[in-house]
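Next comes just one chain, in structure tokens: the form predicted alone.
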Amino acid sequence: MRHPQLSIIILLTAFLGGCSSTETVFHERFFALGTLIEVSIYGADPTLAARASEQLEQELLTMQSSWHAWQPGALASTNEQLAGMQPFTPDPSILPLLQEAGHLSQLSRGLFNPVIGKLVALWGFHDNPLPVGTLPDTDAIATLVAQAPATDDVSFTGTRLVNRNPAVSYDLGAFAKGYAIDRAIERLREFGIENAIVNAGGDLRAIGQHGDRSWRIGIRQPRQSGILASIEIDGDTSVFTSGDYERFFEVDGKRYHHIIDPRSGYPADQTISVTVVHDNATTADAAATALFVAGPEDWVEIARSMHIGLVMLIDANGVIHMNPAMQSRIRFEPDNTAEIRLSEPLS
């Protein structure tokens, strides 16, 4: 699981400014999924809110253990069995996760690829950093790229899996956080909570309302401190950002980050960050990665394929790309001087 710097900042002054003196605001923080989780619940009984938050913490920690690609757990065990190239039945708790990952990978035309775990590990992003100043072996990269692992290589027959490609290895780091946030929101609703935010390391989903104002979310500058822009959200909305500043190392002054282009085997280098707004956190998380890899030339096509309606992409030259619907929602800080390029409408 990745542990990014905060890409998205909840501007609490806007929240609290819309709060009456009789409203109850519950706020809790804990560490899970490799990042800081913030749970904010509005208008609920404090005892109920505390109980719900405590259960979320335990469930998210269980997910972290189960979904970890390289530490003992259900996903690591699945990867071991996939390598055996024989039919098997994985832990039933992760089957829905793997199936949804495959569906979103197909929609993204393989740019969100959850089975390139061996490539991610080769780059040292499985808690196995490369020696300082070194890069992965180019022949090893070329071999994995030629094998072209894809979710289509894994067949689901009921609860049994069959793998046809020895290069397949699941790494759900570009997807599991969104999936976990969606499950967390479902759990809050089971508690009768309808007004809340679950924020995982800067990526979030908000439900319900907060006072008489929209919730205002700040999007950070990708290469410096401070806020680039903000967006107001109502109802049930997820905001996710992928950036090259989240996990990276440098060799000879060049940045190598964890968002790998499965077509080349190297970190995608045409994008600095992508912000996606969508009603579903799972989709938003996968789409942010896919659009980052797609880059400034192809992001529109992939956004349409994934049914994404609100996107802001910052390319390697600092140019901001967005669709008209996103432009109508986002508010840049007064000191923003970056060039803005509008795409055709996405729908």
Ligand code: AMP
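When you see a residue number, it is the position in the sequence shown, counting from 1. Everything numeric in this text was worked out from a predicted model, so none of it was measured.
Same protein, other form: the form predicted in complex with the named molecule, not shown, and the subject of what follows.
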| property | result |
| --- | --- |
| One stretch from 288-296, 306-314, 54-62, 30-38 that, in the predicted complex, holds residues within 4.5 Å of the named molecule by heavy atom | 288-296 |
| Residue (of 97, 198, 168, 111) lying close to the named molecule in the predicted complex, criterion heavy atoms within 4.5 Å | 111 |
| Interface residue in the predicted complex among 217, 116, 206, 188, criterion: non-hydrogen atom within 4.5 angstroms of the named molecule | 116 |
| Partner proximity in the predicted complex: residue 275 to the named molecule, non-hydrogen atom cutoff 4.5 Å | no |
| The named molecule contact at residue 262 in the predicted complex, heavy atom, 4.5 Å | yes |
| Proximity of residue 149 to the named molecule in the predicted complex, heavy atoms at 4.5 Å | no |
| Close approach of residue 183 to the named molecule in the predicted complex, 4.5 Å, heavy atom | no |
| Those residues of 171-186 which, in the predicted complex, come within 4.5 Å of the named molecule by heavy atom | 171, 173, 174 |
